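Quick heads-up: it's one chain on its own, the form predicted on its own, in structure tokens.
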């Protein structure tokens, strides 16, 4: 699933390929991801406009034009952006912007679980959906306070988008792996120093994933995400097989050596 660092890659990709281009046409290949907006309104709003800026908040990407409102994209389980000069849209395209230079920015989403929306006010949009502050933009002290609003297991707390936006199943596994904390550790048992370490690990992991352009083969061997999903995957630090457990109903990788047995 695209999480915070993946959406950051999409943001940078959109900036590099599509910013300052004028939209000639809007094409909706599948209207299922449209969230509170009709095809006619989407086309009327965006045709003739120029993309001027982008913003990522958690797992959402906002694309602004030289007019209102703002385009809001959520990539669901498998979405991505593809910029192309081909006349035919990539397979799995649900929505695309055709620019006057002949290129296209397509939202490709095979599993149809993302969202395409419009908003006049990004902050109100986030508030209406009860999306918390961005996990990386929030300062350390507030990060600690937000995590402590939840009781129970630390993994569940970190994945709650109302607490902090952007961290999902894989990113939480990575940050807890990096900090040596077990996913089932109770929030009440964590020190403030340990919660700050989680935030710093999330920032470091994000930087590495963005640097690798979200390609697993480009990640350092020291990262859990480089090995997640491999048959008989082993901890690169301890050389022991990962435990695969369920936490909050989600498949979770944990090293029984430096994170503790489940």
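Keep in mind it's a predicted model, so treat the numbers as computed, not measured. Positions refer to the first chain, counted from 1.
As for the form predicted together with the DNA, it is not shown, yet the points below apply to it.
Shown alone here, residue 84 lies farther than 4.5 Å from the DNA in the predicted bound form, counting heavy atoms only.
Although the partner is absent here, residue 174 lies well away from the DNA in the predicted bound form, with no heavy atom inside 4.5 Å.
Put simply, residue 124 is far from the DNA in the predicted bound form: not one heavy atom of it is within 4.5 Å. Although the partner is absent from this view, residue 150 contacts the DNA in the predicted bound form, with a non-hydrogen atom inside 4.5 angstroms. Remark: none of the three candidate residues (11, 80 and 226) comes within 4.5 Å of the DNA in the predicted bound form, counting heavy atoms only. Shown here without the DNA, the chain has only 59 in 38 to 60 lying with a heavy atom within 4.5 Å of that partner in the predicted bound form.
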